[in-house]
Each structure stands twice: as C-alpha cells, then as structure tokens.
Ligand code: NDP
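Below you'll find only one chain, the form predicted on its own, shown as structure tokens.
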Amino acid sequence: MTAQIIDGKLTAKALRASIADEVAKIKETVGVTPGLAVVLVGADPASEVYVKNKAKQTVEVGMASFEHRLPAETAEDDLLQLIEQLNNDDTVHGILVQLPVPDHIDERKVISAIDPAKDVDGFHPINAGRLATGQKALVPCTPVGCVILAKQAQADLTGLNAVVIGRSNIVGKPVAQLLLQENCTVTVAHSRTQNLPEIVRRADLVVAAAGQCEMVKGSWIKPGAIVIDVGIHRTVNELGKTKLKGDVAYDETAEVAGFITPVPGGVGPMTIACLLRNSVVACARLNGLPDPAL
C-alpha cells in the first residue's frame, strides 16, 4: 500500500479562492473591506518571511493588509498601546502579533491584550475557553487546517479513533477539541505517554504535533490510517544540503498509511489560508453578518 498524498497547497489555494469570494460579498453587502493587522517585533528571519507571505496573500484575496514592524527593543507597554489602538480601529478586523516576541515582553500579556473578537490567531484565553465549551470562537489556524486536510481524506470523521501527539495550546489541545466536535474519539498523547507506539497503532487518524523530527515511525501506523504531519524541521545531510522533514518518518509511513500530508506542502500552506479565513469570519461577525461558509 502507498498512501495517497493530501495536497495542502491545492487545498489552501481552493480555500483562498473561496475567501476571495466572501471578501467580495462583504464589500458589496456592507461596503467594508476586511482588514488584517500583523505586528512584528524584532527581525527574526523566519518571522520576516512568514509576515511577508501573510501580507502578500492578504492582498491577493482582496483584503486590506496593515503591517507594523517594531524594533526588538520596543518596550512592552508600547506594544500593548499599539494593540489597544488596533482594537479600537474599525478598519482592522483581525490582529496578529507574530510570535515569538523578544524575551523582555510577556507573551501572555500580549495575547490577552488583543480583543477576542479580533484574535485571528485564536490564542486568547476567551477563545480557548469558548472552543473547549463548544461555543462560537476564533480557533487557532493550524488546527483548523489539520481538520480541513483530514476531511479531504474522509469527509465525515464521525466515529474515527483519533490520536493527537502533542499537547500545546497552539496545536495539540485545540485540534483535539475540533476533532471532538467532528465526533471523533480522541486520545491526546505526548512525549511522556507510556506505550505510545501501541496507542498510535490503534488510530484511524493521527495528528503528529510533538515537535520531534521523524518521531512517528511507519511501524506505529495502522494500515490505511490518515496521517496529518504538523511538524517542520530543517535538517542538513552529509553533503550539506538542507531538507525539511516532519514529525513523521515519511517514506516508511507512506507505505502503511492510507492518506498522508507531505512536509513541505501539507499543513504549512493551510496555516496562512486559515488565518485569512479567520480574518473574514471576524469581519463578518463584527459587522453583524452570518459566518461565511468556508
């Protein structure tokens, strides 16, 4: 058996096209252009590239993009003041502060300062609580992308035995909550789980978000299972060539699984697409419109 590849690039492209349609509808209905503000503190190279891609794709779907680039030495109070300004700016419907922030800034204060209605990263405690209790919330982008990709393999996930490897607030916990909403039976495992291979082997759906390169082996996978690989690790081989790998040992797992996301080209492209999705949803809600069908 060779697994079918779940194409994140193609799925993200289709989602962006749907988002562009919804943006046009909002403009026509209420005369408002959805706006996304991204704040970058410092000049982390990876964050720079990510922010640039976000801005490009925001404009491509017809949304307004607002970039705020602050020096690394920016005081915490100054950053919080900027967030408050964006909270009160009617042209801004989504606010994202690129993480990580410099060490002298309290990340939790920054996340909590963002208006939950504009928290398109879905990290605010209020949004986390709403998700956990089954209420309407803005949900972290990568978990949303994981579920969309899993449904590319099987449209109805009801009854599947799902194992999430990883318990972070950014991926593990929220993706588990989303899978519960999809009527899966969910086990959250992690690096200290006993008999982890045995637990994973029972799963119809595996979401690997442990942050350990090629941790999940092909021998762990139930034949025909859906495997969603969230990990991304930059490795260098003996010839000095760089290669991106995931949390899943891809080649051996692809021989067992029914469906698998590649790295790169799987979950990664979905994260920005789902950020745009959240921004359009936030705009619709702030303007009293029904949630877009995305």
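Note that the coordinates shown come from a computational prediction; the quantities given were computed from them, not determined experimentally. Numbering starts at 1 and follows the sequence shown.
One more form of this protein exists, namely the form predicted in complex with this ligand; it is left out here, but the text below deals with it.
When this ligand is considered in the predicted complex, only one residue from 82, 128, 170, 92 comes within 4.5 Å through any heavy atom, namely 170. Just one of 233, 69, 52, 27 comes within 4.5 Å of this ligand in the predicted complex, counting any heavy atom, and that one is 233. Contact check for residue 215: a heavy atom falls within 4.5 Å of this ligand in the predicted complex.
By the criterion of a heavy atom within 4.5 Å, residue 35 is excluded from the residues contacting this ligand in the predicted complex. This ligand is not shown here, but in the predicted complex it comes within 4.5 Å of a heavy atom of residue 211.
Contact between residue 271 and this ligand in the predicted complex is found at the 4.5 Å heavy atom cutoff.
Picking from 58 to 66, 249 to 257, 262 to 270, 39 to 47 the stretch near this ligand in the predicted complex, with a 4.5 Å limit on heavy atoms, gives 262 to 270. Along 129 to 150, a single residue, 142, places a heavy atom within 4.5 Å of this ligand in the predicted complex.
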